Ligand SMILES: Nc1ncnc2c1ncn2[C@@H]1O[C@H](COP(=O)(O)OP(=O)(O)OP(=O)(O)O)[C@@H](O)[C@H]1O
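Below you will find one chain, with nothing else, as structure tokens; this is the form predicted on its own, and questions on how it binds or moves follow later.
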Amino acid sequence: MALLELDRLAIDLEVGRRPRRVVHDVSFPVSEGEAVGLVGESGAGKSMTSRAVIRLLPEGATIHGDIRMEGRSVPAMHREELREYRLRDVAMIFQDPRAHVNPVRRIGDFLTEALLERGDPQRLAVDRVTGLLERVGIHDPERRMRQYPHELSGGLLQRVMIAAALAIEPKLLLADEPTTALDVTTQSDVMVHLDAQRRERGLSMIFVTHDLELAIAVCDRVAVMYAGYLVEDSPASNLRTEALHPYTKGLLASRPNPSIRTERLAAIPGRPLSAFEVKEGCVFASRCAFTQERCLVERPLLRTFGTARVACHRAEELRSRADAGESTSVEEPVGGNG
């Protein structure tokens, strides 16, 4: 049995007093010790999906389908059960640490709060978080514990967030774009510490990011989302050479390659669609160079191809063309579904 299972998850948000669906029919498991990347452009539904796992959705949000943690339904948990779930089973690292710490409380108080709330002795809690600060690359942890958030750089504060998440010894770590607010050098350093700690502790992880290459580097499996739908789910090791969906191929092609000299970067045409904008047909049809009439009227379902799943009517044909050395670039759009 998987540690976590998303079963036809859909999420509605209240917009202008009416429900708008922002995540559609998303299903995938997360096994013990497995890292799954959720990748896509802004508005794809990645963060909403991860927040649903810990039930931190905006007020008025409605969850359809189910999320099961070790067989227990997360949406069905009552208040006390949800509290225990958040204190022992699952922890979240947010993309903007300054928005999720109390600016008038010391770092040590922030780090030990969850441990003390669940009944751990104070001395044990302090010793645990002090050791964690060292393990995530923060020197002189005793001094840092006495400081306030404004006295720490963005990189140090994100390491504090990682230590806080690890402190409760969760089974599942939710990392929602944890390096977005950091410079490139600090991003790399933070990810090294996060990945090392996850592997050392055998934690499962859902890693939300815009960066497909980063997800491939740190995750075992990658789920690609577009406009609230899951369009491809594949082992990370296969994606660079065996990506099946045109959107996934477009994301891979748009990343700069220092070893290749080019006059311009490849780009996916058009703009990303929000989940509530899509009409019938394939959600990527308006930006895809391979759109046909069927793509405009019939939504493709996720189908299994070996170890991967893909939602594309022409997946077999495009794979054959790629194997034959023909171009499968998505840079020239045809048709559209609005």
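None of the values given here were measured: they were computed from a predicted structure. In this text, residue numbers run from 1 along the sequence as written.
Below: the form predicted in complex with this ligand, not depicted.
For the three marked residues, S42, P58 and E177, a heavy atom of each sits within 4.5 Å of this ligand in the predicted bound form.
Residue heavy atoms within 4.5 Å of this ligand in the predicted bound form occur in exactly one stretch of 269-277, 27-35, 285-293, 307-315, and that stretch is 269-277. Residue contact with this ligand in the predicted bound form: I54 places no heavy atom within 4.5 Å of it. Using a 4.5 angstroms threshold between heavy atoms, M48 counts as touching this ligand in the predicted bound form. Remark: R106 does not count among the residues lining this ligand in the predicted bound form, judged by a heavy atom distance of 4.5 Å or less.
V22 belongs to the set of residues with a heavy atom inside 4.5 Å of this ligand in the predicted bound form.
This chain is drawn without this ligand; in the predicted bound form, the residue among R86, R198, R128, H210 with a heavy atom within 4.5 Å of it is H210.
Heavy atoms closer than or equal to 4.5 Å to this ligand in the predicted bound form belong, across 1-27, to the residues L13, V15, V22, ordered by sequence position.
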